[in-house]
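Just one chain follows, in the form predicted on its own, and it is written as structure tokens.
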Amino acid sequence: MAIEASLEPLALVGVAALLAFFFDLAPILARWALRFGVLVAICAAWVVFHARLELGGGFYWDSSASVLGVYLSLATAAVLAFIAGHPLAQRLPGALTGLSLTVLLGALCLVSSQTLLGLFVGLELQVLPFFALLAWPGSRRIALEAAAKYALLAGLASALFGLGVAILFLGNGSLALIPPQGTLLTGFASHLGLLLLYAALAFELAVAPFHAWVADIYEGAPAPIVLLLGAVAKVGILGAWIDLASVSEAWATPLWVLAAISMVIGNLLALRSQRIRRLMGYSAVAHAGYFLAALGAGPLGIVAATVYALAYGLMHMASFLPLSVLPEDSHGIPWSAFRRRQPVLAGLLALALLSLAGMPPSLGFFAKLGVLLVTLHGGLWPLAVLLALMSALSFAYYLPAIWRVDRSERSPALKQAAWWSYLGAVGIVVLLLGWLGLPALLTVL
């Protein structure tokens, strides 16, 4: 049976995810499970690259979906390569690989789906594995609390999303994002359905005021899983936002309001945070606001939002990959021990924090500059001014995190693996030179 080209990346990752669970049946296979996952994720990036502009089966690999799809695949490969040397992978590596590939499968569905049903299936595929991953065997007791809170939020988001899809179908008679009869929004029922979809995605992205427990999840969950959550799953959700915003341009006002609230609340809460994990959780709320500000600026904002999603995924990975080396109960960053025993990862973490703040000429600076320019071009002067002020405020908590001395952990036991320094070196090169690729990326988009 021939598979349509647009479905080939999804079929590859789906079959590989199922096979990975069987690796735990034999110890000799279990040792190769994560390497198998890395190879599959790299192959998926190659298949997505060749599927560009392919349409069929309810999925369309347009330019935005292709760029995000290649990133998601390579990010999953990098995360699995890192986890292979982490103590977390000592238990059930086959299941860990299978669940991680399932997250990738859901994210690929979210960025490429052209139907509401595809978005719902992608959301479920991406969310359900984290119920187990956030409380993986060997994690702290607090990880169970983080997993329970995530499950409650994800369950609520799934219910809202399913209800929204049902109401949209009631209003349009179609599950297509662009129904043959006309636009997505044709009446009251359609607007109500879209409102529920926005609320569901706001819970998944931790947009204020839907950000409850995000800091608790970031603090309690194992750091390598938070790495996967931010670098892959959240970027998949950003792709779903881009899909919906592309077909509902008249709904820009709610995006501006959510962007403004999220930028203010996220930055103020991060400013009060003394623990690095909680700070990163609240800063994710602020970055969701920057992304929505771009998305609400019209067609040009779609391009800026895609670039920002890519940049945020890279910056999150560059920050949580070094943080995963620290003991799980760390409150701060033991810079002296970090510089002495993991100098490359310490450099990567410092550069990632500066990039998240928007320090020029980092990747984060150019991503925020792109959002600022499209909001000005769209005539959204108040939102542009607020974005600039909140971005400046973020230096007040990112910079102290770099030079603050953690007196409670002078000599922590850092986790070690031989190839982590190579991953860190690649991350430094990407963050330093990634903005040079922005002109080529804008040409593709």
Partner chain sequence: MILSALVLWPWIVALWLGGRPQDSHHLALPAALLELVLALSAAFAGGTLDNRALYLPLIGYLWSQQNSNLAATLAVTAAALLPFALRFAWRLEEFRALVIAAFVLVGALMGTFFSQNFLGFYLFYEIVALSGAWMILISGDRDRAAALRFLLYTVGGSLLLLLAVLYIYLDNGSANGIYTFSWTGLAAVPRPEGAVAPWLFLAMLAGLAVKLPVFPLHSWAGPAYGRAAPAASMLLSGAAVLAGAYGLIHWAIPLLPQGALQFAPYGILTGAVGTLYAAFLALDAPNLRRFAAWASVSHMNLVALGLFALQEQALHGALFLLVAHALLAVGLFGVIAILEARGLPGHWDGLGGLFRQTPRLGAWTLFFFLTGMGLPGLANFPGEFLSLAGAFRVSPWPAAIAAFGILLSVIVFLRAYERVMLGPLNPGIPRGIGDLSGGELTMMWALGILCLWLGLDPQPVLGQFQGLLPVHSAVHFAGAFHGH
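All values reported here derive from a predicted model rather than from experimental measurement. Residue numbers count along the first chain shown, from 1.
Keep in mind the form predicted together with its partner chain is missing from the figure; the text below concerns it.
Here the chain stands alone, but in the model of the complex its contact with its partner chain, taken as any heavy atom within 4.5 Å, falls in 380-388 among 380-388, 56-64, 415-423, 29-37. Checked against its partner chain in the model of the complex, the candidates 196, 373, 128, 268 yield a single residue with a heavy atom inside 4.5 Å, and that residue is 373. Proximity to its partner chain in the model of the complex, taken as a non-hydrogen atom within 4.5 angstroms, holds for one residue of 327, 299, 360, 343, which is 360. Though the partner is left out of this view, residue 365 does reach within 4.5 Å of its partner chain in the model of the complex, counting heavy atoms only.
At a distance threshold of 4.5 angstroms between non-hydrogen atoms, residue 46 is out of contact with its partner chain in the model of the complex. Looking at residue 21, you'd find every heavy atom of it more than 4.5 angstroms from its partner chain in the model of the complex.
Although the partner is absent from this view, residue 11 stays clear of its partner chain in the model of the complex, with no non-hydrogen atom inside 4.5 angstroms.
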